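Given as structure tokens, the chain that follows is alone and in the form predicted alone.
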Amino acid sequence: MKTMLNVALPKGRLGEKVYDMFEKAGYPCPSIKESGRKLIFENEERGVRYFWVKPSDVAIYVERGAADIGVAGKDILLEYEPDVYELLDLNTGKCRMAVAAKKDFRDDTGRTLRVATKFSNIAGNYYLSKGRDIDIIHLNGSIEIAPILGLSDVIVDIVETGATLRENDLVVIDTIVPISARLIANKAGYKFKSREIDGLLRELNAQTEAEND
């Protein structure tokens, strides 16, 4: 019986883009493109099973072994630090983790800086490296309004085009780290399925290198 490779894909635009890369690499599963509510798709002939999960959950499925491999943003890997192998930068889903504030913001280093973010770990590590005393305000959505309403001095968030910031009169004052989609693998699963995973890895690597040329 053919070894099945279990792949966790992030739901949404990024997942669809990444699936196209997998298909091009020789791991198609045409039923994934049919509209409907199905979440699991397999192609026994090619030995691959895909499933859609929430982007922030991909790393959990991989770390816990429900998926052998998956695709997660670098932001998720830095924030949650899952115990997985990071195999490849897929060179897609590019954006950056940045600090933003109101246009007239000036940092008063004499007092604690209030930072609103979904990414408490990333923000904490960044300001720790700068030796800056901060108060983290963990929010789950609409981070941009925190400085406008005086809840925070700055925000730490993902910035793609910067349009949302501009619409709310905020500007990027520092870039923490560039973000892109990464191929990750379960550590135990990689030992048992290294031949299959390495074969796929070679194909995906060839695609990312071709794009960089």
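The structure presented is a predicted model; accordingly, all values stated were derived computationally and were not measured. Don't overthink the numbering: it's just position in the shown sequence, from 1.
Missing here is the form predicted in complex with a small molecule; even so, the following discussion is about that form.
By the 4.5 Å heavy atom rule, the three marked residues 113, 130 and 137 all fail to count as contacting the small molecule in the model of the complex. With the small molecule left out of view, the stretch that reaches within 4.5 Å of it through heavy atoms in the model of the complex is, among 41 to 49, 162 to 170, 24 to 32, 62 to 70, 162 to 170.
For residue 144, a non-hydrogen atom is located within 4.5 Å of the small molecule in the model of the complex, even though that partner is not displayed. In the model of the complex, the small molecule stays beyond 4.5 Å of every heavy atom belonging to residue 151. Interface residue remark: residue 118 is counted as part of the site for the small molecule in the model of the complex, having a heavy atom within 4.5 Å.
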